[in-house]
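Just one chain follows, in the form predicted alone, and it is written as structure tokens.
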Amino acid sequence: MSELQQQRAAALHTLTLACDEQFGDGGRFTRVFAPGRVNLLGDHTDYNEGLVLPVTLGRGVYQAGRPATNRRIRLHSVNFGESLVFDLEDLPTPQAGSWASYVIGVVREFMALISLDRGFDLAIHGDLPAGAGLSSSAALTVSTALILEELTGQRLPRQELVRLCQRVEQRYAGVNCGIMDQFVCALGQAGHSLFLDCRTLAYRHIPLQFTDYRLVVIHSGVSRGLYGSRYNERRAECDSGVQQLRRHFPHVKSLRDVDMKMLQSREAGLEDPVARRCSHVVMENLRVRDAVAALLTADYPTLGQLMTASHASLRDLYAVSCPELDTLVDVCLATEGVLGARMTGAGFGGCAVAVVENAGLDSLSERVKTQYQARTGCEPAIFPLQGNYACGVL
């Protein structure tokens, strides 16, 4: 059994024990899984109708559910050690920032489309590190929608399910997010990254051919939260840039419609920091296209260069990095065998991702554990990408 398979077996065992302890006998449980994700290129482009290149992880959110004989809903979170009980007719008001807000939000949005005639028992367990920026919230909403489909026998078109989960993030968690996280959690494939056009929702699965190289995800030890962070502020700055550019280029509906020539012609007239935010988005879209070409030709040195350039842009132009992430990337780049590294996700803490030669993996792990921790006082966690999973019924 591979390390990835052992990891999944352990998570399912934990979930089974929780079902027995919380709900006892009463029928068979259906189990589903939705993965977290790491983004190789394309952060903060999704809500600007841009291009993204995420990949699912082997870690994510597991749920086990069974229908009830009444209209009562019983929820239990293994990770938080918390339980809730309520009726379908009396759904509690979601509290932004809590795990239950995502589950209740999905139930509300699902009921607006499909009738629920009885309640259910639901246990939830995730093996993603908390606050790591690896889309645990998207994995939670997608897995909840999947389990509701299984319990009702009603299926939503996959892209409609994605939209539902995005609405939950926006309405119940207070994060004006784009669609990337939910999309890759629901539609990603094992052994592939996902090249997604966030305007048209056209997508393509790009094979990952990491024979001599490895992707490594490294948690900085700094937890980040989108709710109450500067995430919504960045989106507002991009919207301001669009409004200002539209005065000169009427066809501009989002930053996706802007190229560098247009931006440079009006850059002096854009308020700071709006010009820097717009520059990042425009150039990041170009880097995503180049990264897809690099993956298709197994040109990993070029992929690494693009990742490193992306980090500099997120740090200097978009201002969503932090000292710990910058230090982590610096330690990675100073390690022999590392081709490139960047922060990944929304920023303000969370994870970095690096592409490294297999022979350099042990050295990278050692340097991160010693040098990074010594320089920041933060304890990192290192997750070499052994493989990845798609969402589905287990």
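From 1 onward, residues are counted along the sequence shown. Fair warning: this is a prediction, and the values are worked out from it, not measured in the lab.
Below, we turn to the form predicted in complex with ligand GLA, even though it does not appear here.
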_ligand GLA: the contacting residue among Leu295, Ile147, Leu164, Cys177 in the model of the complex [heavy atom, 4.5 Å]_ = Cys177
*Which listed residue (Gly345, Gly50, Gly65, Gly340) meets the criterion of a heavy atom within 4.5 Å of ligand GLA in the model of the complex?*
Gly345
*Is Gly42 one of the residues lying within 4.5 Å of ligand GLA in the model of the complex, judged by heavy atom distances?*
yes
*Contact between Phe120 and ligand GLA in the model of the complex at 4.5 Å, heavy atoms?*
no
*asked:* How about Tyr231 - does it come within 4.5 Å of ligand GLA in the model of the complex, if we only consider non-hydrogen atoms?
replied: yes
*Want to guess which of 154-162, 75-83, 180-188, 239-247 is within 4.5 Å of ligand GLA in the model of the complex, heavy atoms only?*
180-188
*Enumerate the residues of 282-296 that have a non-hydrogen atom within 4.5 Å of ligand GLA in the model of the complex, in sequence order, or give none.*
none
